[in-house]
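This document starts with one chain, in the form predicted on its own, laid out as structure tokens.
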Amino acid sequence: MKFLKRYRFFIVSILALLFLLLLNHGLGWKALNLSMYSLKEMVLIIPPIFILLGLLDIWVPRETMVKYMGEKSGIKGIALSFLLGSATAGPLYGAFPVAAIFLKKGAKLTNVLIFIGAWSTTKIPMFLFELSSLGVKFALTRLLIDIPGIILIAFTLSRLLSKEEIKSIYENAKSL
């Protein structure tokens, strides 16, 4: 029963996919192929992320994380959060385990939110692609709008959360 409860979304998704295959064979195969492609992509991306997380957890002492990204890190923590988030490659779902490790190690919530925002919008490879494909004006304009936007969103979210909610976020990160 615990197994069924834990994997209910996955089981319902498989049943829906099988039902779609029976109902509309062509569309069902397209959905199945897309699902298999997504699964393959995740299998290739998730293990390296977790290996890097394990190394980050072991190699970076909590004191170092607090010093550079903690409550009193100031502009240094914001800049480092942007740098780490922008230097990444991979889909956004890879950012969340990294963010959990940052929280576990004592990073300030605002800096973690900035890291997630940078991962999603200011990646260096994406910026280089935009420079070559869409031009300098577009790439720089987007970047100059995104950076203050990410900072504004991170600080706003941090202010909107109660102390109990923030404490709960840190406790959940520590339990991972």
Partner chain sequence: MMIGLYIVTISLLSLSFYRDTNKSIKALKKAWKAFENILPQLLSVIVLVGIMLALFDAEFISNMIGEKSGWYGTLLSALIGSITLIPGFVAFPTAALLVDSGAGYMQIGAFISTLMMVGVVTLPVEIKYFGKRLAVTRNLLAFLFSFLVAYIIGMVVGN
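This one's a predicted model, so the numbers in the text were calculated from it and none came from an experiment. Positions refer to the first chain, counted from 1.
Another form exists, predicted in complex with its partner chain; not displayed. Remarks below refer to it.
*Using heavy atoms and a 4.5 Å limit, would one call Lys30 a contact residue for its partner chain in the model of the complex?*
Lys30: yes, in contact with its partner chain in the model of the complex.
_Does any part of Leu53 reach within 4.5 Å of its partner chain in the model of the complex? Heavy atoms only, please._
Output for Leu53 is yes: heavy atoms within 4.5 Å of its partner chain.
*asked:* Residue-level contact is defined here as any heavy atom of the residue lying within 4.5 Å of its partner chain in the model of the complex; does Ile46 satisfy this criterion?
replied: The answer is yes: Ile46 has a heavy atom within 4.5 Å of its partner chain.
*Report whether the minimum heavy atom distance between Thr64 and its partner chain in the model of the complex is within 4.5 Å.*
Contact check for Thr64: no, nothing within 4.5 Å of its partner chain in the model of the complex.
*asked:* At 4.5 Å, heavy atom to heavy atom, what parts of 54-79 sit next to its partner chain in the model of the complex? List them in sequence order, or say none.
replied: Those in contact are Gly54, Leu55, Asp57, Ile58, Trp59.
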